[in-house]
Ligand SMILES: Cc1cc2nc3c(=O)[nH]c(=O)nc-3n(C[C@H](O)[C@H](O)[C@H](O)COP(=O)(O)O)c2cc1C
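What follows is one chain in structure tokens, specifically the form predicted on its own.
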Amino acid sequence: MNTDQAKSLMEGFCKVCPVCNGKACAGEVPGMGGTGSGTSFVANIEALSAVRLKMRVLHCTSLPTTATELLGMKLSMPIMAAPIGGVSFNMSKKMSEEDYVEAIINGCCAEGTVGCTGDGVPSYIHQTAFEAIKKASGHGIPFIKPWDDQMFFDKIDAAQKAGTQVIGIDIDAIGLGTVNLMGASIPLRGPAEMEKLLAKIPLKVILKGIMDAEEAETAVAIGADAIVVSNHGGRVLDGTKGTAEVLPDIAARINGRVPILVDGGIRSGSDVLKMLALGADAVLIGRPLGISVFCDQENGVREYLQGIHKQLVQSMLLTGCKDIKSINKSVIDF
């Protein structure tokens, strides 16, 4: 993929590094970097890099299949676009929120998977997200921050009218510096309050921002239909572990009761395979897909997804995995 256009459009927000590893953009929030020293962003990359795959080639799987199902959605691959909002203050002033979101939603839809959308203080962020999902016949997952009840349920109602069957709540958004910089705040909700909130939502709900096995257990107990293992791309708390480090314990605790998604540092098809082997059912990819929009809008998204899908198939072939269900910890070389 030619990144020259992305470098031009994203100048001052993202350096479009050959390897997106968080080192050149440490502390650049707003922007594309990790908060503080940037170590949580870097930890995502390094934790996943440390996982080794076991190569096996004496088998009869000649053409692995990547189709899967998640929360009633049929996917061509277990790869979705992570929710990103606030294009003008995080990514570039040279592309509108509308153009960005439509490229993500439509590009993912065209490749048989799903794009997620973000939320933020300016109302145009969620409004453009809902409109793009509505135009795509509900094919998308809007993530909504756990605002005060009136604002929160107004957005839930708008999401439902857009036609989506699933919404996400990024509960780790309480630590987002961009929200505070804009003079807003997100209430901290305990388990009992969150359980009451979830019970009122007429859609399937994904809770994003789980980094601890005990908290994952709590999320399931209070009614989450799925969880995302995520440290918000290293953008909310400095000094956390990488998501690949905490995923196995969380997967063991959940033991298949709800789907587990994961984000953080996924840069290749082999990275996708590693996360699935560590216990995830699907992955979310943020920054690389975001950059692909600035390379060539919807076509850039499609090209990126086609490339990482090809890498995933190749990785599955070389580890003896015939389909997504056959991927497990046996392909990890401990």
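Residue numbers run from 1 along the displayed sequence. Predicted model only: the values in this text are computed from it and were never measured.
Another form, the form predicted together with the named molecule, is not on view; read the next lines as being about it.
> Given that the partner is absent here, state which listed stretch (282-290, 268-276, 305-313, 63-71) has heavy atoms within 4.5 Å of the named molecule in the predicted bound form.
Result of the contact check: 282-290.
> Can we say E102, K134 and A162 each have a non-hydrogen atom within 4.5 Å of the named molecule in the predicted bound form?
Not a single residue of the candidate spot has a heavy atom within 4.5 Å of the named molecule in the predicted bound form.
> Does E111 reach the named molecule in the predicted bound form, with heavy atoms at most 4.5 Å apart?
No - in the predicted bound form, heavy atoms of E111 and the named molecule never come within 4.5 Å of each other.
> According to a 4.5 angstroms non-hydrogen atom cut-off, is W147 in contact with the named molecule in the predicted bound form?
Looking in the predicted bound form, residue contacts with the named molecule do not include W147, since no heavy atom lies within 4.5 Å.
> Though only this chain appears here, would H126 touch the named molecule in the predicted bound form if you measure heavy atom gaps against 4.5 Å?
Looking in the predicted bound form, residue contacts with the named molecule do not include H126, since no heavy atom lies within 4.5 Å.
> Does at least one non-hydrogen atom of H139 fall within 4.5 angstroms of the named molecule in the predicted bound form?
H139: no, not in contact with the named molecule in the predicted bound form.
> Heavy atom within 4.5 Å of the named molecule in the predicted bound form: which of P259, P83, P78, G242 fits that? Just give me the one.
Exactly one listed residue reaches within 4.5 Å, namely P83.
> Judged by heavy atom distances of 4.5 Å or less, which residues of 226-251 approach the named molecule in the predicted bound form?
Read in sequence order, the residues that approach the named molecule (within 4.5 Å, in the predicted bound form) are S230, H232, G233, R235.
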